[in-house]
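Taking the form predicted on its own, here's one chain by itself in structure tokens.
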Amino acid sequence: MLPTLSTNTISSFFSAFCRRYSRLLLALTLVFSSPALLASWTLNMREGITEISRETYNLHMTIIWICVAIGVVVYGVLFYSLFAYRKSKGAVPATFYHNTTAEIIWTVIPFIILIAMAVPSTKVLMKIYDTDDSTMDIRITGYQWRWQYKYLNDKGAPVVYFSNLSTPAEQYENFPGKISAEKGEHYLLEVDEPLVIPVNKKVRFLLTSGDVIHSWWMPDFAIKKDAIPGFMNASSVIAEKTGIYRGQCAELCGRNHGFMPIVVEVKEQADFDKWYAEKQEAAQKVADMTSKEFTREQLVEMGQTVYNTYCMACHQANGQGLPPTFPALAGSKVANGPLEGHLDTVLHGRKGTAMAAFGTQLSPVDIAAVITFERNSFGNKMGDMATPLQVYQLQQAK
């Protein structure tokens, strides 16, 4: 016989439950009683700002409701059967093990449902994979842990640059005994150089990778495309609304995977043309600087900025690295050895190690500057320098 629970026992249990889970109950009460909070609690995918993103959203919602209808029917029959044919009402189990009519019905109906879902899905997929007739092509290359954007249909100096996380390290470094800075509005989703495209123009993205597999994910464009070394994947977008849109690398690409955001700024055509002309002018200045003569002090000063952007995550601000994966530069054989060996390491990387090849990532000026900085910082006192022209000649020889 089951024990009888008194009113006092039930009341005590309920009080203890409320005390233990009071915060959870308060949160649920606020969510379900406040329209404002409920509206901001969005668990669905975004409609986005493109025709394809809206069609993807509508397809998603259609299939969701089909699944809901199937669930209601299936569980409705299940619960009805449990109550209508329970043992206490004298129900006797059937003895048959085969029914052709039932098998035909539960095969034909799902087949019809799948066809009904496949037709609109195929139409949307065909639009997603249609990258023809683009007005602009941009090559996107993923690196650990940044994105490189190169505008391919250039007239004049080529526009190519990197997009790096710009959230200050003080916001995400949580070392013992150290208090992190207050996190910003776009924590870990802000960059120094966003990708810029014009509004209402078809832009084709050609995606690849320079090291490991990455994934370029922009929810508002309904784009999630893998960037694979040695392969070129394609996607396209026609952004219908100006603004700034944020995404992330959606592939586990290494220790700093969560620090590889994507930011796209959609501009009016006139504003885009102005920005593009400024980028071309800046690119031409960098190209002209290759033949310019620099002093060692100038290169060291420029090199510190390059180091903080591209090298500090692995080799650390003090040059001590994180051995054995990321060796120290302070007192290292490379930074204190022959200049030719240092140039070769930075330009071509080291196979079998985490050292990437920066010959295709940085300009001759940046490479010369960072090498000069490394050879004359962290206690290293080589007193020599690499020149942009020297780096450029090595890049061309390769």
Partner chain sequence: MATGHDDHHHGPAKGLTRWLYTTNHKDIGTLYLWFSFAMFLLGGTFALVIRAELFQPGLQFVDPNLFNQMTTMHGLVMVFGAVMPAFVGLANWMVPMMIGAPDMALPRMNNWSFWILPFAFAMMSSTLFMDGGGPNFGWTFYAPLSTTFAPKSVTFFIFAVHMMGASSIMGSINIIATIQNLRAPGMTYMKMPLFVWTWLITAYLLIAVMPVLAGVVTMMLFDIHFGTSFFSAAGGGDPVLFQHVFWFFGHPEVYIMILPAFGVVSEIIPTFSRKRLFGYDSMVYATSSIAFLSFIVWAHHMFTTGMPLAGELFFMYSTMLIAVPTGVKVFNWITTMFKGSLSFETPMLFAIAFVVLFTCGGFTGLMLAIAPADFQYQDTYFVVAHFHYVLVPGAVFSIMAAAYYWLPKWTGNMYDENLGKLHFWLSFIGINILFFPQHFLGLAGMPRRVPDYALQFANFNMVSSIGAFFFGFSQLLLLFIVIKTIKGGKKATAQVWEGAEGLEWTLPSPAPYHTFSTPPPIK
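Between two forms, the rigid core is defined as the largest C-alpha subset superposing within 1.5 Å. Positions refer to the first chain, counted from 1. Being a predicted model, the structure only gives us computed values, none of them experimental.
The protein also exists as the form predicted together with the partner chain; that form is not presented, and the subsequent description refers to it.
- For the options A277, A270, A118, I244, the residue carrying a heavy atom within 4.5 angstroms of the partner chain in the predicted complex is A118.
- Listed residues E240, D226, E265, D192 were compared with the partner chain in the predicted complex; D226 is the one with a heavy atom within 4.5 Å.
- Contact with the partner chain in the predicted complex, judged as any non-hydrogen atom within 4.5 angstroms, is confined among 133-141, 107-115, 155-163, 295-303 to 107-115.
- Using a 4.5 Å cutoff between non-hydrogen atoms, V203 does not count as a contact of the partner chain in the predicted complex.
- Within this chain, K150 is remote from the site of the partner chain in the predicted complex, having no heavy atom within 4.5 Å.
- The closest heavy atom approach of Y307 to the partner chain in the predicted complex falls outside 4.5 Å.
- For the chain shown alone, H348 is not a contact residue for the partner chain in the predicted complex, no non-hydrogen atom being within 4.5 angstroms.
- In the predicted complex, the partner chain lies within 4.5 angstroms of at least one heavy atom of each of the following residues of 308-328: P324, T325, in sequence order.
- If you fit the rigid core between the shown form and the other one, you'll see the Cα of Y187 move by less than 2 angstroms.
- Once the cores line up, the CA of G90 ends up 2 angstroms or more apart between the shown form and the other one.
- Superposition on the rigid core between the shown form and the other one places the CA atom of T100 2 Å or more away from its counterpart.
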